[in-house]
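Shown below, as structure tokens, is a lone chain in the form predicted alone; questions about how it binds or moves come after it.
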């Protein structure tokens, strides 16, 4: 089992890193391989809706999105951790996810996804919801925990004091491990669910 973890914070070693490190430690005890990539400090532009990826099978902008696409394809699960900016994931995270999910044309069905939000106080659940929408539209089961996947902290390293938040991260990693292993067994025994041809319906004709 392998999980790709995206750290969307621009601050190296900040509170989002505290949350991610708790996940990594728990995955290690569960025998799950992890790779953490920090993209919050990168210059990642947004999607321009050119649809070139439909033909090229990769984004027209050759940056971390194309670099991480094969790692996403090879992983059994994807976690995206973001600091909260105005009750939402930060702009870099949203630009990265828009382009990654649009340009990656491989079947994402039954890869497990999880969003993690980190903030001083508010906007955590809204950020958590926004992150989960990328998984929900892609046929990816969403891993849950004992609470919404969130950790509180303001000053550098302050998230270490959020005992409940860190426990939520550990529970998330254990639940995600169980879900990934269960899906692997289900695929082996039953295969993937049948897929119908896509039937797009526009409301303006």
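Residue numbers count along the first chain shown, from 1. A quick note: this is a predicted structure, and the numbers were derived from the prediction, not measured.
We do not show the form predicted together with a small molecule, though everything after this point is about it.
Quick one: find which of 68 to 76, 108 to 116, 131 to 139, 83 to 91 has residues within 4.5 Å of the small molecule in the model of the complex by heavy atom distance.
Flagged stretch: 83 to 91.
Does residue 161 make contact with the small molecule in the model of the complex, using a 4.5 Å heavy atom cut-off?
Contact with the small molecule, no.
Going by a heavy atom distance of 4.5 Å, is residue 41 a contact of the small molecule in the model of the complex?
Output for residue 41 is no: heavy atoms all beyond 4.5 Å of the small molecule.
Contact with the small molecule in the model of the complex for residue 25, defined as at least one heavy atom pair within 4.5 Å: yes or no?
Answer no; every heavy atom of residue 25 is more than 4.5 Å from the small molecule in the model of the complex.
Indicate whether the small molecule has at least one heavy atom within 4.5 Å of a heavy atom of residue 165 in the model of the complex.
Residue 165: no, not in contact with the small molecule in the model of the complex.
Is the small molecule close enough to 2, 34 and 175 in the model of the complex that each of the three has a heavy atom within 4.5 Å of it?
No, none of 2, 34 and 175 comes within 4.5 Å of the small molecule in the model of the complex.
Which of 52, 154, 146, 29 has a heavy atom within 4.5 Å of the small molecule in the model of the complex?
Of the listed residues, the single hit is 154.
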